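Just one chain is shown here, as structure tokens, and it is the form predicted alone.
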């Protein structure tokens, strides 16, 4: 019999916060863990090592709670020391996404750490399976931040047919109804990002919180503008879902023209870049992370119990 996700991760609730950077710092991951779900810490590609250490320290102080760390494959190629930092923190789980996790799985397993990967289509799911990961995260295009082009429900069905390993659903899950839907489809748990942007413990600004709370489901755009204007080395196939602004709407699908025009690029305001998913229209107020976990989980369990075929 397959071991449940909660048993693998050592928690009671099969909800993980997405390792959003910089929002998913130590305080958010710890609050999610203390709510008996699974907290994930995100390492930003440009974050200094001493700043990362400070966030890790929040999670490793006593009493410890189970936690995980999210890493990006192409960033590890440039900063291999991030894997050393992650292993030294002794997390339960490390997810390596947006590239092949194979070069790193062996070291994680040797350290007694579960390995996983977010996958965005059949090709990346097979890559993760061949790499020997323990857990896959089927990340649909509804998700905020960097993602692929396939919807969560089609992708989840594809990945579930490919493996008997635990598959976590990600993208567009923000309420008990969404949680119940993916669990009923066969997901082992839910990987949730956008609702935690309004968690009290998230690392973001009040201005960002205000914009997120005021947005609806039509106000996101899938774009590569921010990566190009900030000279980020994200692979082209992974665009980012963000809140719309006049700047990003003007230059989406015109990135070459933008980057060749210094005057146009100078109009970019970094504080206006807010990655968020299509579920943004479902949240409107800042709350403690524990309340977000409990509301989604309790309502989801209630929906699952009410199912009548």
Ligand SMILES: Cc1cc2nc3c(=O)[nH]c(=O)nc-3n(C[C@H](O)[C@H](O)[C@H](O)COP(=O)(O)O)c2cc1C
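Quantities reported herein were computed from a predicted structural model and do not represent experimental measurements. Numbering follows the first chain given and starts at 1.
Unshown form predicted together with the ligand; subsequent notes refer to it.
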Note: exactly one of 104, 98, 93, 226 sits with a heavy atom within 4.5 Å of the ligand in the predicted complex, namely 98
Answer key: of 145, 178, 148, 166, within 4.5 Å of the ligand in the predicted complex (heavy atoms) is 145
- Message: Would you classify residue 247 as touching the ligand in the predicted complex, given a 4.5 Å non-hydrogen atom cut-off?
- Response: no
- Query: Applying a 4.5 Å heavy atom distance criterion, does residue 20 contact the ligand in the predicted complex?
  - Reply: yes
task = Answer yes if any heavy atom of residue 116 is within 4.5 Å of a heavy atom of the ligand in the predicted complex; otherwise answer no.
result = no
ask   = At the 4.5 Å heavy atom threshold, is residue 275 in contact with the ligand in the predicted complex?
value = yes
Exactly one listed stretch (156 to 164, 76 to 84, 137 to 145, 213 to 221) reaches within 4.5 angstroms of the ligand in the predicted complex by non-hydrogen atoms, and it is 137 to 145
In sequence order, the residues of 174 to 195 that place a heavy atom within 4.5 Å of the ligand in the predicted complex are 191, 192, 193, 194, 195
